[in-house]
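Form predicted on its own, single chain, as structure tokens, below.
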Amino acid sequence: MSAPRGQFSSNLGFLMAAAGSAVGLGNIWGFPTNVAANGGAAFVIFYLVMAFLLAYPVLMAELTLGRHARRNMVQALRGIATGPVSKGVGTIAGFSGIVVASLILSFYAIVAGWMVAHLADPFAQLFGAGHTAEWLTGDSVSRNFTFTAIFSGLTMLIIASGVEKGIERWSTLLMPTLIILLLLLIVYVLTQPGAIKGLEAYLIPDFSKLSPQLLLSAMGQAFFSLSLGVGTMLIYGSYLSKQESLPRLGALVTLIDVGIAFTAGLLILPAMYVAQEAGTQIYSASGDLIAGPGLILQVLPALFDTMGTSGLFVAMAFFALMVIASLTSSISMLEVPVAFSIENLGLQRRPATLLMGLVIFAISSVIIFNFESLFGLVVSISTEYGQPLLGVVLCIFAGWIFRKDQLLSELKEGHPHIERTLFWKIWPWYVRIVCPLLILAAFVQTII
């Protein structure tokens, strides 16, 4: 017999969990550097538009399918299928979602492990453990394996505790902590020399850089930042009460996600220019702004080093922020295969968590021991191919296969007069036609 199904106990719990899933490492370093490389505020404007023209409608598709089915992605898509073909497609898409979510978590746990190691580094320095500090910040197989295991264990502990006592409780604790740390770091960094230049690079639009590529970059950032396409939001939707208004909650999640992404830009861009003022290189040899791991693990630690002892405490706060952002996203990804194991394999939550967690950690370990050949490949397969194609399938199921009367009935739960709203007049056809075309356009541009 499978474990009893969980449910979020409050709007706040769902919002913190869903926002936590959306707010991850990509928001903290990906969005700000995307902004800097694509015309500053010009990119921000297009990103905000795309968040509501693309990400919000697809988020609503996942939440609606999930709450209607109250099952994992495989059963949700099979449940609304109308014939053998759609049932087969739903089965394949559901299993693909589980595989893609697991692959994303397998490399995400490695990167998050780096953040945990860098969080431990200033403590080692404070206690005079120089050799340990070097090991923590060095790129070694033993370091990567150890801290991937630690981070994976933390994720498993939260998921094993269930929806209300695990996902909801920890998200409600971690998300406000993340926001407080982010704001404190912004206040500190903005007082440093060079910060105003970074603020100008972030907030002043450069419309000369407007191009179809900028639009597609903004579209991709908006879509991927909300954890769409792999069933995480579908699963979270399945834990929602029927009394909640899905359009309202979906809009709040989107607002929180873009708000935190924008706020992260107020930290990262000024911090980069503060680092440049202190003598650290922030542009590559080709003239491009340094992004990704190069930013987080080279540029910013170099900045912290110039601050003396106070830099150790700033580093602690910054990498605590990064670990929290990692953890709120990782728990949503692990919940995708765990929910399937509970509902389809009949496992209790704790053994299901242990089984799925260890399988994903095994994949992470294979990547660690074959890093050069596998890491980039897994990232590409899961995020560049898996997520957008699954996003298209979810739009097709919500727009074409889910019967319109059932769709309206589900949306009226918690929002009884929704058929009179502008949302109902636009969203059903929009998710049918516009969203799949936008996602496919971004997908084609990515692979070209």
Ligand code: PHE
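Counting begins at 1, following the sequence as shown. Note that the coordinates shown come from a computational prediction; the quantities given were computed from them, not determined experimentally.
There is also a form predicted in complex with this ligand; it is not shown, and the following applies to it.
Though the partner is left out of this view, S225 does reach within 4.5 Å of this ligand in the predicted complex, counting heavy atoms only.
Contact check for G66: every heavy atom lies farther than 4.5 Å from this ligand in the predicted complex.
The closest heavy atom approach of N27 to this ligand in the predicted complex falls within 4.5 Å. L77 falls outside the set of residues with a heavy atom inside 4.5 Å of this ligand in the predicted complex. Site annotation in the predicted complex: the residue of S329, S152, S364, S341 reaching within 4.5 Å of this ligand with a heavy atom is S329. I104 is the sole member of A271, I159, I104, V253 with a non-hydrogen atom lying within 4.5 angstroms of this ligand in the predicted complex. Not one of M60, S238 and F397 comes within 4.5 Å of this ligand in the predicted complex, counting any heavy atom. Contact with this ligand in the predicted complex, defined as any heavy atom within 4.5 Å, is confined among 356-364, 132-140, 245-253, 229-237 to 229-237. Looking at 108-146, the one residue that comes within 4.5 Å of this ligand in the predicted complex, counting any heavy atom, is Y108.
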